[in-house]
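In structure tokens, the next block holds one chain alone, the form predicted on its own.
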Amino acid sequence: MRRGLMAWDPAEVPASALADRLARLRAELAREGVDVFVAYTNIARGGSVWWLTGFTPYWNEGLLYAPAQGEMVFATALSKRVAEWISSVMPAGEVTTTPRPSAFIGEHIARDGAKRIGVLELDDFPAGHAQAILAASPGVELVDVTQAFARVRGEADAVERLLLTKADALAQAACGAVDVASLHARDFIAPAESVARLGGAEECFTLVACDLSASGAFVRTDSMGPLGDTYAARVSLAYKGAWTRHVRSFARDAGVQQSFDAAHAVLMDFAQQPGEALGAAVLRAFASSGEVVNWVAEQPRGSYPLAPVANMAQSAAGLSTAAPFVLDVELKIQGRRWIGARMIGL
């Protein structure tokens, strides 16, 4: 369950911006010969619904239905008592609470006479929901529109950039607030959570890599133990639905910390040169800091607020140059693991 503030501020997220996003999506789907759009959402996969409605779904699952004309409908299995509140923080679309969201959407499809139903991430669309839609609207065809959605979603508008700028500043402040004098990971990371929540983050995950000499894995509070000689803090947070991440590495030894700080400064100044590939830019920028062990770029992708779109192994694809991205980098500095991350391209 999300524990932070969820509220709609029309100055930060104008309804006109959401209307423009929907119009661009409808135009793209029309070119694909698709009649309506359907997206599945749950606690981890709320990115597409947020982008279109301004509301981040939480806890339970639901479906967003966007017809060719008229209001979008968000059908969720949450209880009726929260419907009025959802409407107050969801500036675009109508909300309906129902124990059977897919059947409800299927009935809408049948009434609208739609035939080709564009489904976001069709391969990951729950089979039960697909069957209910087909049962309620016989004769329709479900088609995958993931790439069509990605083409529209790949451009960050001014509203999203403003939210990401605020989110990233908050994530940096949270990482900078950690208690470096602490010997235990929980005490070390606790101030970061406080800064993020008081700063307006509606969701925040504060994790720690307790001993970088042993592992670069980040663990939750319930798994945290004593800090090693080198360790790292990771803050992933959402501000009004816009997600970012910041990672910073620390060392007990002052000399090692100086090298870690120098690498972090490179990360903070990172920028690609005109025409330069991202991988080449990472190798160039960090050449004087240490050996590049790995890097990953993440952006909003489909229903996920952050997903890999490029990496060192060349096993991820889909990076959009028209939108900011989170860059995660791992270096080996004087034989020691260093990890850093920040939002690039704001």
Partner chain sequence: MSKEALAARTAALKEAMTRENVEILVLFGNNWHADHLRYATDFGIQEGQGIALVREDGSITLILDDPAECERARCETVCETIFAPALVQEAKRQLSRAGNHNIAAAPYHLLPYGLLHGEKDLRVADGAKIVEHLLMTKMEVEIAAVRKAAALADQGYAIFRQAARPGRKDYELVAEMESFFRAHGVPENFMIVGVGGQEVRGMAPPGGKILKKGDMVTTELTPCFDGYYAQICRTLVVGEPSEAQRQAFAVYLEAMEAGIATVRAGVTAADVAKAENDVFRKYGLGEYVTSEYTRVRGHGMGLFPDQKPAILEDVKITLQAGMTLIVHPNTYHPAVGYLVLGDSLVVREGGHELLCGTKRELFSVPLQ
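Positions refer to the first chain, counted from 1. Owing to the predicted nature of the structure, the values given are computational and were not obtained by experimental measurement.
From this point on, the text means the form predicted together with the partner chain, which you will not see here.
Partner-facing stretch of 270-278, 106-114, 147-155, 210-218, counted where any non-hydrogen atom is within 4.5 angstroms of the partner chain in the model of the complex: Careful reading of the contacts points to 210-218.
Heavy atom within 4.5 Å of the partner chain in the model of the complex: which of D261, E71, D229, D187? After the contact test, the surviving option is D187.
Sort through S194, S87, S182, Q257 and report the residue having a heavy atom within 4.5 Å of the partner chain in the model of the complex. It is S194.
Please state whether all three residues R45, D124 and R245 have a non-hydrogen atom within 4.5 angstroms of the partner chain in the model of the complex. Yes, the whole trio is in contact, each within 4.5 Å by some heavy atom.
Given that the partner is absent here, does G4 sit within 4.5 Å of the partner chain in the model of the complex, heavy atoms only? Yes.
Please check if S236 has a heavy atom lying within 4.5 Å of any heavy atom of the partner chain in the model of the complex. Yes - in the model of the complex, heavy atoms of S236 and the partner chain come within 4.5 Å of each other.
Hey, in the model of the complex, does W295 get a heavy atom within 4.5 angstroms of the partner chain? Result no; W295 lies far from the partner chain in the model of the complex.
Using a 4.5 Å heavy atom cut-off, state whether F286 contacts the partner chain in the model of the complex. Answer no; every heavy atom of F286 is more than 4.5 Å from the partner chain in the model of the complex.
Heavy atoms within 4.5 Å of the partner chain in the model of the complex is the criterion; list the residues of 60-80 that meet it. Contacts from 60-80: N60, E61, K80.
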